[in-house]
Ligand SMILES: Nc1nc2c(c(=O)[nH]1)N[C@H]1C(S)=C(S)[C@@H](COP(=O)(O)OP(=O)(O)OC[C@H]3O[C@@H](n4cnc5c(=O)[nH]c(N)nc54)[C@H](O)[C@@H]3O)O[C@H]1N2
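Given as structure tokens, the chain that follows is alone and in the form predicted on its own.
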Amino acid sequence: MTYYTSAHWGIRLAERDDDGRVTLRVHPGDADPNPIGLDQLEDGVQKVRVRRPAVRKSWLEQGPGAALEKRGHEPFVEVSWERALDLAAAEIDRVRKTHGNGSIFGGSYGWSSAGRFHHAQSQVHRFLNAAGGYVRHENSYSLGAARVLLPHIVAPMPYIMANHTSWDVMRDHTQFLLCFGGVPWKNAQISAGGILRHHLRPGMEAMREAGIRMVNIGPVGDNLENDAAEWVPSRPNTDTAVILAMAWVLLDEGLEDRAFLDRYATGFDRFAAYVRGEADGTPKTPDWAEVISAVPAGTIAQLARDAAAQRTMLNMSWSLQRASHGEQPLWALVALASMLGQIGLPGGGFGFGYGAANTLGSNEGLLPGPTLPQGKNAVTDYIPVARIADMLLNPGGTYRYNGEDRTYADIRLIYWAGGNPWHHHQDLNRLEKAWQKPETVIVNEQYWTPTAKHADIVFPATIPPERDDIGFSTREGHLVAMQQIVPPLAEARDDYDIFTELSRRLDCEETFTEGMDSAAWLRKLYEGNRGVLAKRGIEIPPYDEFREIGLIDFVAEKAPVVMLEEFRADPERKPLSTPSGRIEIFSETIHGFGLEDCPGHPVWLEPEEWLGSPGKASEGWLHLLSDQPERKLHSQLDAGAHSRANKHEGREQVHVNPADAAARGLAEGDVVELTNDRGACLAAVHLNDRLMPGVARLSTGAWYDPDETGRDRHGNPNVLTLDRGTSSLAQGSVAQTCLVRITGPLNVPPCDTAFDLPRIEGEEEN
């Protein structure tokens, strides 16, 4: 029998040697020539596991709300499971009875598991719903602006993500791939439910062999993996200006597709008036855009002509909407694609995120999979996910979101399972202050992450190889029977078992469990999904046979995908879900919100921080980009050998253009300090001539490791990033809007504290 487990970076086969040691190898069907080398069972990762329930010392001795300023900076006391569960249940009960369930925040953000049952986000939400409800979050850090904007103007983001034109169609039909922000292969190493076949590299290679022209506009030249690709450097956060100027060229030269615009779009004339300058007196010409973006006017004009002359796919990286006014470049891209008139045609139109995850561009079947029901949340309150620090710091404060005036809840208790906000949130010094507001923080965690260290009660959770599960993700073409291949480490328990015990103490066990253990739930979810697939004519074996087989490959369901093809063929019978049923270049709905920072059509709005601000470039400021890391998934497994191999003396590397380094007297490997008004961190210089001058890049994922002054020693860029909303429409993250100074070299010791365990002061006596 073959034993499988699955992680977000791929399906793994488990092999056991004569000494009983388990190793994981890549599934032989995966076409990725360089699969990511993460290993959940590796010794370095196991060393930072949470082994026993632990309680923050002051909280244990003095009760909820004690010494909040010490949270994250004081020892823990290990206690028995019974004691920890009793404490957590009593605190949840106290808070809900005293302050109501609307004072409990259910935090879960991150790629916790490729398994569909033992998925921390699903588990904690189901538990909190069973216990009376909680304040939830909406959307994601990755797509905060897009998830709000896209339903207004073209289609919901889940549709867009699942229906990108597939690589095989682009190979056969696309002539020109024009990218804003590239197609970064490292991001496409992952998928929510695991990966049987990686698609990006084979897809891009096939397009290269077909002779398709590829151009990448942006500040980074190495995020489009093709030696023949052209790189057009442009300042960060200025893509909207470039796109508007391309639109101006199409208008000026009569290259727009009026027939498409008249039938499939609405509001174009109001947008066109803005582009021509009739609305504000400023025509959005290539010369205008060159001043903003540093892209030569002639280059902008020629790119517009080239795009109109052939079958063109426009692609935009997700990172572009994680910026000040991040709604605008995305909306402008949709408008430009509409002007080209190729939306819904094979190989033409637009994509939003090729390279962001393995599923985008996949031609695997669009199939439903097993999902754990969440139950009903009795609390209707929520926040946009990136506004958690605002909520904690401003209980009762008001804010605008998607046309509504909303009020922040007064949160007394946070329950977090899955994710690491000290990785993905911005302005960590501000988050540190906000995190001192709730009276209690409870987490289920596998590792002693900064989030676990900032908790009051920590429950040790299992990792995927320590439990049975079902791996699945739509557009990934498989169901995998994930096997428990090693026993749980020390006293770790499954999230489901933790929540079962808590629900028993809170008198909601039947609601949470429905009388089933994990094995019964897995059977129920699988058999339910089997019935759904049977109605589509897809037969899969019964559950017990599935567990024996280990892997079901839906290769027969592969088929070419053309995004918005049905809408193109018949917009009257297959309208979009927008108010008009068409692409809304001008949105009456958004216009009606009356937002100065997001009007009714795409516009250029100056970012809050950027190199075009007066004096910034000449004063030595650099624009810091904080992209996804190459050798870990977000911050997952940062302690492992694969991640550590890309550090310099234990800390992350900041990529700097050689000219910027020389101007500051810096060389390869020098330790430098990155600073701004929000914070400071250390990193090691890596020279990279594929960054435009004036730009630095420090990938995310380094575990937060502040010294006594608050300066991060490890290279976490989110001590520097800006914690603001993209606009009052979407309130998304603006991590990519960030200016810093870099000074050095510094004579500091190697970073050897990032993965230190918290101090454990004995074990409480029973």
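One-based numbering along the sequence shown. Just so it is clear, the model here is predicted, and its values are computed rather than measured.
There is also a form predicted in complex with the named molecule; it is not shown, and the following applies to it.
This chain is drawn without the named molecule; in the predicted bound form, the residue among P370, P184, G72, P465 with a heavy atom within 4.5 Å of it is P184. Listed residues S473, S338, S635, S643 were compared with the named molecule in the predicted bound form; S635 is the one with a heavy atom within 4.5 Å. Mapping the unseen interface onto this chain, H478 falls outside it, with no heavy atom inside 4.5 Å of the named molecule in the predicted bound form. Mapping the unseen interface onto this chain, H424 counts among the residues with a heavy atom inside 4.5 Å of the named molecule in the predicted bound form. Within 4.5 Å of some heavy atom of the named molecule in the predicted bound form lies at least one heavy atom of P629. Put simply, G110 is close to the named molecule in the predicted bound form: some heavy atom of it is within 4.5 Å. Contact with the named molecule in the predicted bound form, defined as any heavy atom within 4.5 Å, is confined among 522-530, 299-307, 217-225, 341-349 to 217-225. In the predicted bound form, the named molecule lies within 4.5 angstroms of at least one heavy atom of each of the following residues of 440-462: N444, E445, Q446, Y447, T449, A461, T462, in sequence order.
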